[in-house]
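Below, in structure tokens: the form predicted on its own, a single chain.
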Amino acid sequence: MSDEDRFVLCMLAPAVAILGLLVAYPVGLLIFDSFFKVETITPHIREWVGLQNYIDALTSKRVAESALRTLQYSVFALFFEFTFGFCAALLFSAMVGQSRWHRTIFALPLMVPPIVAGLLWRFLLVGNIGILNYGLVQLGLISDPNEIAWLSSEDIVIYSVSFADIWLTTSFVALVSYAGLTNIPKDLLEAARIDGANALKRFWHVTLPLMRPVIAVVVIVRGVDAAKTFDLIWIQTQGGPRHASEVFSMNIYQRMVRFGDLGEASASGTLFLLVMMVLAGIAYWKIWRPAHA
């Protein structure tokens, strides 16, 4: 081993040690506990149950329903975050050097803590005192502030709680997308324009293919982040009404903290980790990799 290799290893050692302590050890303990019956009040007592915790989690109706709601929440939030964020990035790019203050103002929601954002949107949406419904009444879109029960209707609550997430992180998508747009060579766009391609064709055949790596980053980061959301939903509804907004992370929390079943909670957490890794791999393979093929 050369001196340069030793130097590199010495520089990497602290980071590897920290990652091992803060990531590898908790994940290893999570997987280890998933094969035992463990209660939170007596974590030192373990009873080997093999795959029974996984079987219980996979056959639980409540776990399946929370997984479906997680998918609904994630897809809904990611769709609107990406749509609004990417459109804003295109607008900033079209404004060339005049969008500095616009980008700064647009990024302000990123500075708001999730708990504060959840409380803010709870006051906007809650019952007959929510500001949003009164605004809709003033616009003539509804006749009564009680007409839309954003946070108490089982049919729409899982989408209503995502409004805070969309408002909070659309600016992240916009800024990342804007950074990607600024790195697209202007010569390619100019050549396409000279060849007769209109704005739509330039976007579809030049801009969008070159944005694949950026889109992959946004989809993976925001998709995983939306899927594991806990605080934004908990502060608004605590999973209600009647578990209608209980997502998978919340189900794991309830199973461990409220019911004290650390083993099954660990099994659910391990399954969640595996699913997120598979989805991230698919997103990388389908979105990013073709750009490098």
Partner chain sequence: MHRVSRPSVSGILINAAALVLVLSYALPYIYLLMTSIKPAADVQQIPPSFFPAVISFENFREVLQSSTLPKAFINSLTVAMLTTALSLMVAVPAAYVATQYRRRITTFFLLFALVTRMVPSVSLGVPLFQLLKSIGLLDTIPGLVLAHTSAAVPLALLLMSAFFEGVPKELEEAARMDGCTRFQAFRKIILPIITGGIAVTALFTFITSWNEFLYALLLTSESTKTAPIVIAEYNSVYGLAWGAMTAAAVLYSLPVIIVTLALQKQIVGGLTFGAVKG
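Small disclaimer: the values here were computed from a predicted structure and weren't measured. Numbering follows the first chain given and starts at 1. We call the rigid core the largest set of C-alpha positions that still match within 1.5 Å between the two forms.
The following text describes the form predicted in complex with its partner chain, which does not appear among the structures shown.
J.: Counting only non-hydrogen atoms and a 4.5 angstroms cut-off, does E65 reach its partner chain in the model of the complex?
T.: No, E65 is distant from the partner.
J.: Taking its partner chain as it sits in the model of the complex, is D56 near enough to touch it, meaning that at least one heavy atom pair lies within 4.5 angstroms?
T.: Answer no; every heavy atom of D56 is more than 4.5 Å from its partner chain in the model of the complex.
J.: Give a yes or no for L29: in the model of the complex, does one of its heavy atoms lie within 4.5 Å of a heavy atom belonging to its partner chain?
T.: Heavy-atom contact with its partner chain at 4.5 Å: present for L29.
J.: Looking at the partner-bound form in the model of the complex, is L51 within 4.5 Å of its partner chain by any heavy atom?
T.: No, L51 sits far enough from its partner chain in the model of the complex that none of its heavy atoms falls within 4.5 Å.
J.: So which of V75, I131, L208, A197 gets a non-hydrogen atom within 4.5 Å of its partner chain in the model of the complex?
T.: That would be I131.
J.: Can you tell me which bits of 101 to 118 touch its partner chain in the model of the complex, meaning any heavy atom within 4.5 Å?
T.: Residues within 4.5 Å: W101, H102, R103, T104, I105, F106, A107, L108, P109, L110, M111, V112, P113, P114, I115, V116.
J.: Look at M256 and decide if its Cα position differs by 2 Å or more between this form and the one not shown after superposing on the rigid core.
T.: Indeed, M256 is displaced by 2 Å or more.
J.: Rigid core superposed, CA of T40 - does it shift 2 Å or more between this form and the one not shown?
T.: The answer is yes; the displacement is at least 2 Å.
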